[in-house]
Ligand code: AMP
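Only one chain is given next, in structure tokens, and it is the form predicted on its own.
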């Protein structure tokens, strides 16, 4: 099976490794040189991941029949639509379906229209003056989000990042003044609880859930600092999380199924991977966001565990016919990202980074390259996350230990890691938090 992959990050490297394990012949497109992806590819093309014309020509030249698009930006650019016009079936959503992520207003309005559970109060504004008037009418804390794409870094929360009315208005004005996200601002009710990620495979109708994951957005240990694209994540061996019950997980899956059904009803059926980020509250899971792709780093956790052939899953999603059971190893995982100094504020890129892949593997871990590039024959860091290391074991604690051992074999003089991800203390903090909310 010849398959085109688009994207050069850790999420895409994990997808390429899963495709390679399942026997696919891979033709990859990426804007940066990712050595892990290049190693598994028959051919690769370095170009903008939004250059639909070049990518379609590359697919045609190599007789590719299927495609998997990793990042959200090419989805918004309509790459899937152009590939399918050229006869390439895609295991990723069309431009219209990708609005579930590319427009936060579209997602909230869809959930509201169809009466789907888990929605939050929200209001969309095209200018700062109307947003300011609205703020004067509410008596609860809110979350401020640019409506469009911001690479997972645009969200600011009252009580955490925004400590006053003035802070809130300053950020809202910044969104409009600098056109962040490009489509206005959405103010959402702040939900209190613990976040978790439920990703699913979708064929337009049927969904198949993956193991639950918890991501860690804050840059520094102890859950402080700026929001990032995600510093790391973990899964548990039973595919739940220590603070999520089976019934709560079923409720989240049901919400995603209702969204998929609503999209089909709206005439934009969804095919590909869908990411549901939820806040588990005392009244059940609430929708934080829906993304039109794998999460990053969450993809590295679940694809490391995937036992069913990913090439077959992509074919079935693209063909609109997911059949049979999709299996994941009953193991726990802990992923920690190695990121450049300054990441989350102003990164210091261009530093040499070396990875001893064999030693990482011997530690019971996997390594995925992300925002790196080749300069004069040397692998160097970029401005975003550099390398993801995923420890695998029977328990979260053992997986975290394996991850820490493996991190010693990723060497660079200008990087940092959130070492507390997956530790017993931090997982316990999550469990205690939910227990205190439930008891109150």
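Numbering follows the first chain given and starts at 1. Not measured: the values here are computed from a predicted model.
The same protein also exists as the form predicted together with the named molecule; that form is not shown, yet it is the one meant from here on.
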property: Listed residue that, although the named molecule is not shown, lies within 4.5 Å of it in the predicted bound form (heavy atoms), from 157, 180, 262, 77; result: 157
property: Among the candidates 239, 351, 217, 89, the residue which, in the predicted bound form, approaches the named molecule to within 4.5 Å (heavy atoms); result: 217
property: Residue 277 within 4.5 Å of the named molecule in the predicted bound form, heavy atoms; result: yes
property: Contact label in the predicted bound form: residue 227 to the named molecule, heavy atom within 4.5 Å; result: yes
property: is_contact(residue 143, the named molecule) in the predicted bound form, heavy atom dist at most 4.5 Å; result: yes
property: 4.5 Å heavy atom contact, residue 195 and the named molecule in the predicted bound form; result: yes
property: Contact segment among 162-170, 323-331, 186-194, 77-85, judged by heavy atoms lying within 4.5 Å of the named molecule in the predicted bound form; result: 186-194
property: In the predicted bound form: members of 281-306 within 4.5 Å of the named molecule, any heavy atom; result: 288, 289
